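So this first bit is one chain, no partners, the form predicted on its own, shown in C-alpha cells.
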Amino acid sequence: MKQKSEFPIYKPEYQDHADSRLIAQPSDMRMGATKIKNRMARKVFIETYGCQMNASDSELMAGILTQSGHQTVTDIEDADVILLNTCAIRENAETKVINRLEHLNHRKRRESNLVIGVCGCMAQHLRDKLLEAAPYVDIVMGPDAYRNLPMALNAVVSGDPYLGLQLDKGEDYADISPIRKEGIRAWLTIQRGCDKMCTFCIVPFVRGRERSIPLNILKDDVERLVDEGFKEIVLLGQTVNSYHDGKHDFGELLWSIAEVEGIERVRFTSPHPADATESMIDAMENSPKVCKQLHLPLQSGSTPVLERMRRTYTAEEYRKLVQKLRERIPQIALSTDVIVGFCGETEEDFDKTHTLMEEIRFDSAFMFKYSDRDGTLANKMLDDDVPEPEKSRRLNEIITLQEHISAEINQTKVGTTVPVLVEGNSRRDNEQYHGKSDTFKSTVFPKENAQIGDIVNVEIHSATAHTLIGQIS
C-alpha cells in the first residue's frame, strides 16, 4: 500500500549519470548556436506533438538550426534529419510516438544516413528506456538542451546516440529568435518550467523549475512580431500567470505587451487558479487588447480530490474566483480542464464535479480520464483505484453535459454581431473564411471583401456546440 499522507519535496536532476554514450556536458549547454561549425548542412523536418508549448519549442528549434546553417523543410520526404518534438502528459501520446518511430525506422533501413531524433518532454521522461525501445534513434534531447542541436547533428556521424538530458535552471532561450509559421497568431513563451508539483503531472520532472523571461526582452520580441505581420500574441507558460521576472508580475506584463503599437489581441494559456491575481484581472477587465477569454483549469469539483491532486485551491475558492471574474468581466468566456477517475475519487466526488460544471457552465472544456503516469507523485504515493469502466462512464457523462452546455451558450450568440480576427480559409469551403472572436469562438463566414488579418464584424445566424456561423455585417 502506498503512503498517502505526505509528498516529497521535488529536487530535479541537473546532470546525467555518465555512461559510454555521447552525453552533452553542462559546459556545452549555453554555447551559442552560431559557435558550432557544421560538418555538413542538413535538411531537417520537425514533427510536433502535444501542446502550444511544444509548438513554440519547435519554432525555437527551427531558429537554432537555421542560425547554425541547417535548413528546415516542410516535406518530410525532403529531410535527412527527422526530429520528433514530443509530449509526455499522457501515455497514449508516448505510445503514438513509439509507433511513429517504428514507421520511420523502415525508412532508416533504406536510407542509412537518415538521422532520427526524439526531443522534448518524452525524451526527458523516458531517457534510457527510449533507446531500449528504439535503439535506432540517434538523438535523445530534453527541453533544456536545444542549443546543442547543431552539436548533436555533427556528433552522430560517429554512430553513437547523442544524449542531451540535463535540466538547466538558467536556460530560457531569451536570446534565440524562433522561426515561426506564417499567420496572424504567434506563440510567445514567457516562462519555462513549473514549480506547482500537481501529483498527476509529469511536467516539473521533464521541464525543470520555473523561470521567467525579463519583461523588456518580451516587449522587444512583441515589437518584432508586429513587424513580421502578426496581429495576435498568445503568451505561454506552464502556469503562465505565475510569471514574475523579479520586478514585474503577470498583470504588468499584460499591460506592457497590450500597449505595443500594432497588436490587436493578447491571450495567454494556461493559468493556475491560485495565481489569478488582482493585477491579472485588472488587465483583463480594462485593457481593450487583452481578450475577454480565460482557460482556467478546474481538474475536479471535489475539494478532497483537489487536495490529493495538490492543486492548492478548494472547490469553493474556485467557485468564488469564477464569480469575481464574471462580476468584473461580464462578457468573459471560460474554458477548463477536468480529470475524472483520479486516485480515490468516489461517486460523491464525481457528482460534485458534475454539479460544479452544471453551475459554472463553461464555454468549452478539455476532459480526460485519469491515467497513472510513471514518475509522477501520484504514481509513487497514491493508488490508482478507480476501475477503468467507471472512469469511462464518468468521462462520457461530463462530455455529454459539456456538449449540451456549449451548444446552449453558442445559441445565445445567434442574432448578435461579434468582432472576428480573420485567420484563413475555412477547411471545408474555400469561399469562406474562419477566425476567432475575442472570446475565442471559432467563426465561419463568407469572404466578401475581407482580408486575412482584418478584424471584421460578423452577424451570427446559426451555431453548433463548437462553431459560430454568420456573415460580415
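Just so you know, these numbers come straight off a predicted model, no measurement behind them. The first residue of the shown sequence is 1; numbering continues from there.
Below, we refer to the form predicted in complex with a small molecule, which is not included among the displayed structures.
Legend entry - One residue of 200, 313, 187, 362 in contact with the small molecule, assessed in the predicted bound form (non-hydrogen atom, 4.5 angstroms): Flagged contact: 200.
Inset, instruction - Check each of 230, 370, 205, 350 and return the one that places a heavy atom within 4.5 angstroms of the small molecule in the predicted bound form. - result: Spelling it out, the residue with a heavy atom inside the cut-off is 370.
Legend entry - Heavy atom contact within 4.5 Å of the small molecule in the predicted bound form, the stretch among 291-299, 220-228, 189-197, 161-169: Stretch 291-299 is the one.
Legend entry - 4.5 Å heavy atom contact, residue 337 to the small molecule in the predicted bound form: Judged by the heavy-atom cut-off of 4.5 Å, residue 337 is in contact with the small molecule in the predicted bound form.
Inset, instruction - Flag residue 90 as yes or no: does it have a non-hydrogen atom within 4.5 angstroms of any non-hydrogen atom of the small molecule in the predicted bound form? - result: Taking the distances in the predicted bound form, the answer for residue 90 is yes, it comes within 4.5 Å of the small molecule.
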